[in-house]
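Just the one chain here, laid out as structure tokens, in the form predicted alone.
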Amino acid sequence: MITCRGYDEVIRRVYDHGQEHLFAEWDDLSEDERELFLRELAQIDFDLMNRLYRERDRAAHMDFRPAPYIRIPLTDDERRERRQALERGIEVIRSGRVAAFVVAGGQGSRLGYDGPKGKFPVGPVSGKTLFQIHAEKIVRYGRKYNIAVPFLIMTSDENHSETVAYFREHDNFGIAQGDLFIFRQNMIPSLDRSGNLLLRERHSLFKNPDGHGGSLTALHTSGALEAMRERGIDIISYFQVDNPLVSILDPVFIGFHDLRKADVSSKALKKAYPEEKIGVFVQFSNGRIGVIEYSDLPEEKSRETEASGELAYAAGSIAIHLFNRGFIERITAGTEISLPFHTAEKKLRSYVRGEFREIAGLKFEKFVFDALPLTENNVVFETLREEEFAPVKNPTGIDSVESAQRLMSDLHRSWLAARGIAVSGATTVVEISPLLAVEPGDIDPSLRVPETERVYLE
């Protein structure tokens, strides 16, 4: 057994858990490298890693049926209920009870962009980045409701420093420094198929981000959750950075969430076709609401239809949620009520016996929608694809920069039409700055639109 003053307990735990291979090149490490490595090992929960390895193949679902959801209103009663939700939501927002939380740990590599995905330019006329669009929406909400809206941003080890620098360079796009919270996602070690911890280098472990479900844990470990409690925030609006259409503070959605005393509320849209690659909301046999990933939904269920001819499993998850702060506190407090880890087998480039090799490894991650079945208090709320879902995942084609920009332009054109504002037939692209409007009612009907091909209104 190796020795190092002050780290005997750490070293003993490594040996006790059969991970002594990690010290294969101990003699070749410098004193600084040894200390850094042992500090990292001191943070590892070996019991957790052993449990994850033992339970990696136990994923199973209960019987389920389509989840109930609040649909787009068709009846007078539904419209009346929606008006009540709108009134309550405005009241909740104006009371300063809501924070915005974006998950932004990804890089823009699939888009051919070298940097955080949030820095990718997506404005069809302005060229504004995803981060700028989201931030300016939050500024506009603050002005609209005369409040300060905290903006929580979860980054990754890979893009944290660049994200912080980007916001600093642009004066946080108008968000007060005290209202901006940027923090890293937590990391978890990976294993090989025999349960051995892997090395990224000879003196550091191979780790991966713990999934979008880990965002809730990161709220806790970063101190952001405690900061929200001190500010009286009790609802956290969760969304992903690559969706420029998201309505971050939707008063109707927030109103339903508050009126129904939900712990978690989720937006859904109707699937365009059975094979669409989005998870679906279901109700398990124990009555709890959850999400089944598209890859886990049996084909016969994906094609099942109602008497009306519509898909039975039609309510698709688009990663827009409201979480009660108290609920997040309960599931991140180290109790048995917490999000499960899922296992994915991946090819990982690891340091093995003096060289880098690509090996079959196990990565562990949490899914944010696994929070839903942990409570009986859920709301699933239907929204319209053309109004709130334009993910930027690919350079071209489906869910691309092109499709997102087209959807943004179409939506903003529809806002102008709703206010009775004419747009020239020569205009092909319309973009409205979030600082001008986050919904049609924000637009002054006396506004005049320039008769140009590409229009930007701010």
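The model shown is predicted, which means the values in this text are computed figures rather than measured ones. Under this definition, the rigid core comprises the largest set of C-alpha atoms superposing within 1.5 Å between the forms. Numbering starts at 1 and follows the sequence shown.
What comes next is about the form predicted in complex with a small molecule, which does not appear here.
Asker: Taking the partner as it appears in the predicted bound form, which of 80 to 88, 161 to 169, 191 to 199, 210 to 218 has residues with heavy atoms within 4.5 Å of the small molecule?
Answerer: Looking at the partner contacts, the answer comes out as 210 to 218.
Asker: Kindly indicate whether V264, R325 and A371 are, all three, within 4.5 angstroms of the small molecule in the predicted bound form, using heavy atoms.
Answerer: No, the whole trio is out of contact, none within 4.5 Å by any heavy atom.
Asker: Only one of R56, R413, K393, R34 has a non-hydrogen atom within 4.5 angstroms of the small molecule in the predicted bound form; which is it?
Answerer: Checked against the cut-off, the match is K393.
Asker: Heavy atom within 4.5 Å of the small molecule in the predicted bound form: which of E365, D234, E388, E136?
Answerer: Looking at the other structure, the residue within range turns out to be E365.
Asker: Quick one: is G255 in contact with the small molecule in the predicted bound form, heavy atoms, 4.5 Å cut-off?
Answerer: No - in the predicted bound form, heavy atoms of G255 and the small molecule never come within 4.5 Å of each other.
Asker: Using 4.5 Å between non-hydrogen atoms, is R260 touching the small molecule in the predicted bound form?
Answerer: Residue-level check for R260: no, no contact with the small molecule.
Asker: Flag D250 as yes or no: does it have a non-hydrogen atom within 4.5 angstroms of any non-hydrogen atom of the small molecule in the predicted bound form?
Answerer: D250 lies outside the contact set for the small molecule.
Asker: Classify R110 as contacting or not contacting the small molecule in the predicted bound form by the rule of any non-hydrogen atom within 4.5 angstroms, answering yes or no.
Answerer: Within the cut-off, so yes.
Asker: Once the core is aligned, does F364 move its Cα by at least 2 Å between the shown form and the other one?
Answerer: The answer is yes; the displacement is at least 2 Å.
Asker: Taking the rigid core as the superposition reference, indicate whether the CA of K207 shifts 2 angstroms or more between the shown form and the other one.
Answerer: Shift of 2 Å or more: yes.
Asker: So, does A344 move by 2 Å or more at the CA between the shown form and the other one, with the core held fixed?
Answerer: After core superposition, the C-alpha of A344 moves 2 Å or more between the shown form and the other one.
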